[in-house]
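Below you'll find only one chain, the form predicted alone, shown as structure tokens.
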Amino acid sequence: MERVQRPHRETLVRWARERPEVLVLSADLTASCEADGFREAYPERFFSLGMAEQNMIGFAAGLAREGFSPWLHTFAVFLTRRVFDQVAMSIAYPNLPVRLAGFLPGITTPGGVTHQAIDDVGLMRLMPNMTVLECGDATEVESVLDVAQAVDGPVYIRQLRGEVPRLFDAAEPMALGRARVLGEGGDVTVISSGICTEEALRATQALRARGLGITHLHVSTLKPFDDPRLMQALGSARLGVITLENHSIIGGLGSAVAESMAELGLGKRLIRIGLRDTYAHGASRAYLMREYGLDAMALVHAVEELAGEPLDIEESALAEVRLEALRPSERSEDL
């Protein structure tokens, strides 16, 4: 599997070269959110507003009203929880084209509850006019800029940083409102998003080897949530549906799927894999995913529950887990 180092940093510089209207705003986390390359390339288009995120939202709203395209870079918790009212009233209500790039989604950080955005999708989904996107690999990190820029209104992005795997062909970029079909089968439908798609891919081959038909879809557009292929996959699952997300099961992907199934009148079993009404500890991503049941084995156990029988799949039967290589320069970065 290809691993790409800091894909957002390099892509942003190239992408913005012929877009003079694009401005980048940072809240004292410039290198930590990979906006340092933009700052060096286009210093006159970069604004560091310090640790004053609420003020940054108002500043961005003013820039958008003057015809600029502001891209805000900070950690997801600070772009959603801390500035919720400012985003709602200054950006979402007037439907301004402001792009909110939130880094460290969910348990991608060892920083504990102050830095782990486990409720950001729920907060942004309930806001009128807001589009919500989530990157799952390097291809989507590189292509989300075009997707977000084309939206006529505000966009919130769950963005990845550092070393990011390439799960999807670079020639198949992210598309607004379109899920990626990663496998088809008639027994169980698996819907995954973000970093959890890699975990789902680790398990699906072993599940199919046990004779189960698995439909697997990767979702990068969490709002709007109306892809016809996704709705069809929900209806065709004989045993039931499983969602897998790096977020609380309340308000995120699992809630979006539950809402859709209820509205479609689908009398099928739904198992939501994610954080179950709890905060997470500070630890490595691999430890947290295992500890809170967001990994490939959690998916295996959920399929066993739907099938009503043990599948006798051991950890050794799953695809190899990706080991993250943390460079010395990144160890000093903010959590």
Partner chain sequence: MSSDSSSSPERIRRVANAVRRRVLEHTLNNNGGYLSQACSSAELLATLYLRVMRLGPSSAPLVPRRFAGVPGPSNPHAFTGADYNGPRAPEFDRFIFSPVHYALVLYSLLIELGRLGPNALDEFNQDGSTVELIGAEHSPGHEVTAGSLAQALSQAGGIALARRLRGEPGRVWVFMSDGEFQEGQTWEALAALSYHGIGNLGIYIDANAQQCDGPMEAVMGVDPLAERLRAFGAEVHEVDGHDPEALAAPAQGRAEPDHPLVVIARTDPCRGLERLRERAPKLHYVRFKGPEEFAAYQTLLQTLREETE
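Residue numbers count along the first chain shown, from 1. Being a predicted model, the structure only gives us computed values, none of them experimental.
What comes next is about the form predicted together with the partner chain, which does not appear here.
Do residue 94 and the partner chain come within 4.5 Å of each other in the predicted complex, heavy atoms counted?
Contact check for residue 94: yes, within 4.5 Å of the partner chain in the predicted complex.
Does residue 149 reach the partner chain in the predicted complex if we count a contact as any heavy atom within 4.5 Å?
Flag for residue 149 set to no.
In the predicted complex, does residue 282 come within 4.5 Å of the partner chain, counting heavy atoms only?
Residue 282 lies outside the contact set for the partner chain.
Could you tell me if residue 29 has a non-hydrogen atom within 4.5 Å of the partner chain in the predicted complex?
Looking in the predicted complex, residue contacts with the partner chain do not include residue 29, since no heavy atom lies within 4.5 Å.
Please pick out the stretch from 238-246, 80-88, 186-194, 225-233 that is in contact with the partner chain in the predicted complex, where contact means heavy atoms within 4.5 Å.
Heavy-atom contact with the partner occurs in 80-88.
Please pick, from 40, 277, 66, 309, the one residue with any non-hydrogen atom lying within 4.5 angstroms of the partner chain in the predicted complex.
Contact check passes for 66.
Taking the partner chain in the predicted complex, which residues along 105-134 bring a heavy atom to within 4.5 Å of it?
The stretch 105-134, when checked against the partner chain in the predicted complex, contributes only 129 at the 4.5 Å heavy-atom cut-off.
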